[in-house]
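Only one chain comes next, encoded as structure tokens, the form predicted on its own.
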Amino acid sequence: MGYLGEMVESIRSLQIRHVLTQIISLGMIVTSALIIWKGLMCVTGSESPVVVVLSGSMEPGFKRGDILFLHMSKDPIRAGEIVVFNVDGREIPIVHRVIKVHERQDTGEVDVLTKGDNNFGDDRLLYAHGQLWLQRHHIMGRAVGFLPYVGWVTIIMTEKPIIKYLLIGALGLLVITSKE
């Protein structure tokens, strides 16, 4: 039986009180992570303060797997800035550069046109049907920093869910069977 048998025996020998303590500790870790995430949302003004670059459309500046840190301020958006935006009807945010800014004379609202640095044309084909510009409510934030390659963990777990489930299961067993 070896290692697996020892793990099963270890779980059986635990007292209920110890198991409950471990479950509460795990709950506190998850709750702390959520509080930190919500705090970052408040500080950055962005609904998603951290995003992973999922494609090569922004190479060579940002590569697939880079993590971007976002901030959304009241300052006007300018051509050349890198923004992350959502398009109506799509769940996954897009990271691209603003290439044109259009200010409406009647309302003063600013519309933007984006393009990936590694793409041939602008993003109008990515926008919702009939949409030619992005409005401010589409933009989640501006890129203010990045960590290269760290996002590959997220990409691998999204593309190969079995790895995610194995990792969660292993961490769960580790928490339950730890003696402290």
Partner chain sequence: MFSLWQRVNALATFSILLLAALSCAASFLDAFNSPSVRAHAEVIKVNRFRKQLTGNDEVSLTLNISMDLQSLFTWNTKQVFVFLTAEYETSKNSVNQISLWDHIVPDKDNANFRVRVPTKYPLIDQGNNLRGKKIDLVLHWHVMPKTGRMIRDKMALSEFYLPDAYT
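For the two forms, the rigid core is made up of the largest set of C-alpha atoms that agree within 1.5 Å on superposition. Numbering follows the first chain given and starts at 1. The model shown is predicted, which means the values in this text are computed figures rather than measured ones.
Missing here is the form predicted in complex with its partner chain; even so, the following discussion is about that form.
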| item | value |
| --- | --- |
| Triple contact flag V101, D111 and L174 to its partner chain in the predicted complex, non-hydrogen atom at 4.5 angstroms | yes |
| Which of 146 to 154, 22 to 30, 48 to 56, 35 to 43 lines the interface with its partner chain in the predicted complex (heavy atom within 4.5 Å) | 146 to 154 |
| Residue contact check: G130 to its partner chain in the predicted complex, 4.5 Å heavy atom | no |
| Contact test in the predicted complex: H138 vs its partner chain, heavy atoms, 4.5 Å | no |
| Residue contact check: A79 to its partner chain in the predicted complex, 4.5 Å heavy atom | yes |
| Core-aligned C-alpha movement of R104 between this form and the one not shown, 2 Å or more | yes |
